[in-house]
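So this first bit is one chain, no partners, the form predicted on its own, shown in structure tokens.
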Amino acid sequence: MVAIASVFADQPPALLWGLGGVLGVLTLAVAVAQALPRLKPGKDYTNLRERIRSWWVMIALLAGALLLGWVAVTLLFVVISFIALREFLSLAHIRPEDRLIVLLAYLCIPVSYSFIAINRYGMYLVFIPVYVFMFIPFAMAVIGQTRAYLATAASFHWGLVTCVYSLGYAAYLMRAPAHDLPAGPAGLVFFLLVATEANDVLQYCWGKAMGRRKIIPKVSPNKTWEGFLGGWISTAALIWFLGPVFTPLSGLGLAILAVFLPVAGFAGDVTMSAVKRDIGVKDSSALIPGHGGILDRADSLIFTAPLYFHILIFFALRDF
């Protein structure tokens, strides 16, 4: 108990208030889910209850990692990247003869995250986009796999960039210098996750309430202009008002984040929807009840994490 109390005592008040606010929202969601069958009988709310239960588990894991520090967050994202890459490679129908390349792809995960552990941003920046990009096609050529060579090499690289490299930026925020951060490095990660997921939820809610005109019907038939614009404006407002509480951004940097992060989240969601539509599946897996797989839950984060990281670097964390 003393150890747990010391963990909480060491956290910035803004982070604790933020986590408490998330727990409050989840508690309210539970109450709503319990009340809906009585207010609107005749509908099946099983999926909603599953989604809320899954959110409790996901929030508990993320909150625990954030409170424990950068090592815990890094290890958590190693697991997330591994599962996401596994889901992607299973969807991409990688050929049996590419087993060695699959092994090499999985080995890229600990190597990439090791650069976060030793805080070598320069190497993290180029390892997957440059060196892995060159090495995997070379390894495929050496073992003589030329059937569907270009498409397979592209699939491996796209999977590694999205599932490992892009998601890793969220973990790398924990290595930011703690000085001048109002909620510490964990506050940076917390705010990224809150803004990204709030954007998904708000776009869904606005779409359900007012959606009429389809925005990209061939890729995601349920998405509408009303949902996109309503979610965009609402998330931008959330970022503008809460950004200074959790990040060192202000002025132009905060405005750019408010404008572009909701668009990036939408882009990640739509891009992964296009991938799944091309393959012919609805969800990447059934790992998370009510949500699908890790890729289904992290699709927006794939696009928002690098954008958020580099906006912070450019406007606030110049000595990173």
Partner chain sequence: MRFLRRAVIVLIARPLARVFTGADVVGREKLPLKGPAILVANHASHVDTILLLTIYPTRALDRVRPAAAADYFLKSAVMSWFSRNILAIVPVARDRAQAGEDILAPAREALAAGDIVLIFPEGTRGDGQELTRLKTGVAKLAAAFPGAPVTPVWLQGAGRVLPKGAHVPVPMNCTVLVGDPFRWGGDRMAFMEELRARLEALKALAPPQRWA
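Please read all numbers here as calculations on a predicted model, not as lab measurements. Positions refer to the first chain, counted from 1.
FYI, the form predicted in complex with its partner chain isn't displayed, but the following is about it.
Though the partner is left out of this view, Ala139 does not reach within 4.5 Å of its partner chain in the predicted bound form, counting heavy atoms only. Of the heavy atoms in Leu76, none are within 4.5 Å of its partner chain in the predicted bound form. Although the partner is absent here, Leu287 sits close enough that one of its heavy atoms falls within 4.5 Å of its partner chain in the predicted bound form. Its partner chain in the predicted bound form comes within 4.5 Å of no heavy atom belonging to Phe115. Remark: of stretches 183 to 191, 217 to 225, 84 to 92, 115 to 123, the one touching its partner chain in the predicted bound form is 84 to 92 (heavy atom within 4.5 Å).
The listed set Ala209, Ala148, Val201, Val245 contains one residue whose heavy atoms approach its partner chain in the predicted bound form to within 4.5 Å, identified as Ala148. Residue-level contacts in the predicted bound form: of Ala60, Val281, Leu68, Val32, one residue has a heavy atom within 4.5 Å of its partner chain, and it is Val281. Within 4.5 angstroms of its partner chain in the predicted bound form, the stretch 93 to 129 places a non-hydrogen atom from each of His93, Ile94, Arg95, Pro96, Arg99, Val102, Leu103, Tyr106, taken in sequence order.
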